[in-house]
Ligand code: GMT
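Only one chain comes next, encoded as structure tokens, the form predicted alone.
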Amino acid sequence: MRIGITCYPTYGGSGAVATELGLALADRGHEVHFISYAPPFRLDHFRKGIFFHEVEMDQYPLFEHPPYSLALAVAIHDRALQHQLDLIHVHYAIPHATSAWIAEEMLGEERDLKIVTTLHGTDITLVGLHPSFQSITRFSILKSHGLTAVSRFLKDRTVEDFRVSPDRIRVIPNFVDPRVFRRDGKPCHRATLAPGGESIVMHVSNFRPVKRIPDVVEVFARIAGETPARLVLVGDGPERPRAVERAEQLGVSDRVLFLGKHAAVDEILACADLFLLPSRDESFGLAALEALACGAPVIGTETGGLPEVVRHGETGFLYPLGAVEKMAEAGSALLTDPVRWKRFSQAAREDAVERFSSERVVPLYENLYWDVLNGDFGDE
């Protein structure tokens, strides 16, 4: 197949999954064309069968905000004709599915371009519900020939909030490549991250308010009061200043390391002994899955799709939003009991590989594509 993929290229779960999916599809013999305003952050080297097309944007005095969605529609239209694309797989309903529909309309009878839309979360639970966008979000969803959600939670929210038939949405979870995300895959950076041999507590995100970064620091400070530990924060975003301030208030700033954005997250996660994700909402929790694959138990919130990823009491612990004391108690109990930690670590790795490996999930997307192209799309 010749497949177009459009995603946000910035640091975040949807861009990571879209990129990894494209790479895996190319490895399986398909031709993949990424169409976006910048190369996805994990598209960092040449791969056979992978092409990138930048959406061209011209500044014009009339437009205070350049119309990216229209420029994207033109780019999808042009690439579909030039490279004879069979389908375009867009990640996030708006503006990507909207742009894909415009491109399809522009193509007319020139090319029968099918649209597959994957819902990742914010487009449904936050942005799409805003009165300015709800109607066009629903319109774009219904105009897609194939529709997926990354969790049962997200599917249910879409059905309820956007009046979409359950039969229109197929749940295909996010995935991880266990050959890349593993504890023993590469030389560990533990000596650099924790030179005193402390336990390494980690968090990876885009530091948006929904991630509740101050809670990450709060949980860590309580853990550090029970056992020698360091907190490694990977990523960047608007909540970083609050994290710095909270670490100083709690007297742990000398044990908190901000690494900023990193494309090779697998190298860093391989050192994690515990992963914190106390988010207000997670439609899936890709960072948690990648941590589990690296053998790091996850402490998080029992919200959204995270309970579909983390098995409470087996691969980690999930608590109500804001329950920092319980989260810290669970984390401390694991880090101070090597036998119990090893049991959780092994279970985390095994469960991640068994349920969410790329070898299991990528064929689900291939089957979806063929169903769409053959007009047989429906629920599993």
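Keep in mind it's a predicted model, so treat the numbers as computed, not measured. From 1 onward, residues are counted along the sequence shown.
We do not show the form predicted together with the ligand, though everything after this point is about it.
With the partner omitted here, the stretch from 206-214, 263-271, 244-252, 68-76 that lies within 4.5 Å of the ligand by heavy atoms in the predicted complex is 206-214.
Note on contacts: among D236, D281, D156, E308, the single residue with a heavy atom within 4.5 Å of the ligand in the predicted complex is D281.
Though the partner is left out of this view, N174 does reach within 4.5 Å of the ligand in the predicted complex, counting heavy atoms only. In the predicted complex, none of the heavy atoms of I200 sits within 4.5 Å of a heavy atom of the ligand.
Though the partner is left out of this view, Y92 does reach within 4.5 Å of the ligand in the predicted complex, counting heavy atoms only. Heavy atoms of L23 never reach within 4.5 Å of the ligand in the predicted complex, leaving it off the interface.
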